[in-house]
Ligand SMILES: O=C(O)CCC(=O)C(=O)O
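A single chain comes next, written as structure tokens; it is the form predicted alone.
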């Protein structure tokens, strides 16, 4: 298998609950992906208007579909989760230059509804995510801890859907930040406690978030969709969706709207 993690990388992931950095795309490729994304934003009239549409962009545009199926991402995921893999959803975490938006410390497993927790997030940097931009920060080994209650703060500067904040004391001296260069990704377990700070730089920080799970994982909070990216799905816990045949096509737009409405209902419940 090409694009494999080493034994040491796998051991690091299993110990810490995250792995970073992993090189995926070269400079030319990631520049092209960023151009595709920013053309998408322009298609919908700019950053703010596009924000409400960009969830599950792989269902609307083929360039994004290619990313979720890229073997340089899927193969490492399969080494962690096994050969049968679903892409559950894609999202974007973007901080504009000087943006004071943050992501509070949280565990994704607390509210995604996915069980069991054989779920991994790939965070792909479309721009440099240096220490100055507010990169991801992880609590090593926290994936082996319990699931903690969260407070819904609905804070205006919080990029999470409800401003979820974990009810656990965080020793920030023990946290490990994960800066990335454009074209690199990190992986983290759905139970790993993580956060990110404000973007103090003069550049956009663009992160494409790809959420994968093993095919035996089920959604406990209602009807849900996914894409089969590796192996076979013998469990049929999700409505499997196909590659878009036409970018922004009428059929594709309806499928995308249905998928994102289901996802929103799950996340917000």
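Positions refer to the first chain, counted from 1. Values in this document were obtained by computation on a predicted structure and should not be read as measured data.
What comes next is about the form predicted together with the ligand, which is not displayed.
The closest non-hydrogen atom of residue 150 lies beyond 4.5 Å of the ligand in the predicted complex.
In the predicted complex, the ligand sits within 4.5 Å of a heavy atom of residue 188.
Using a 4.5 angstroms threshold between heavy atoms, residue 123 counts as touching the ligand in the predicted complex. Taking the partner from the other structure, the ligand in the predicted complex has no heavy atom within 4.5 Å of any heavy atom of residue 73. For the ligand in the predicted complex, the listed stretch (91-99, 140-148, 74-82, 170-178) containing residues with heavy atoms inside 4.5 Å is 91-99. The putative spot formed by 54, 58 and 228 is not touched by the ligand in the predicted complex; no residue has a non-hydrogen atom within 4.5 angstroms of it. Taking a 4.5 Å heavy atom cutoff to the ligand in the predicted complex, the contacting residues in 190-217 are 194, 196, 205, 209, 211.
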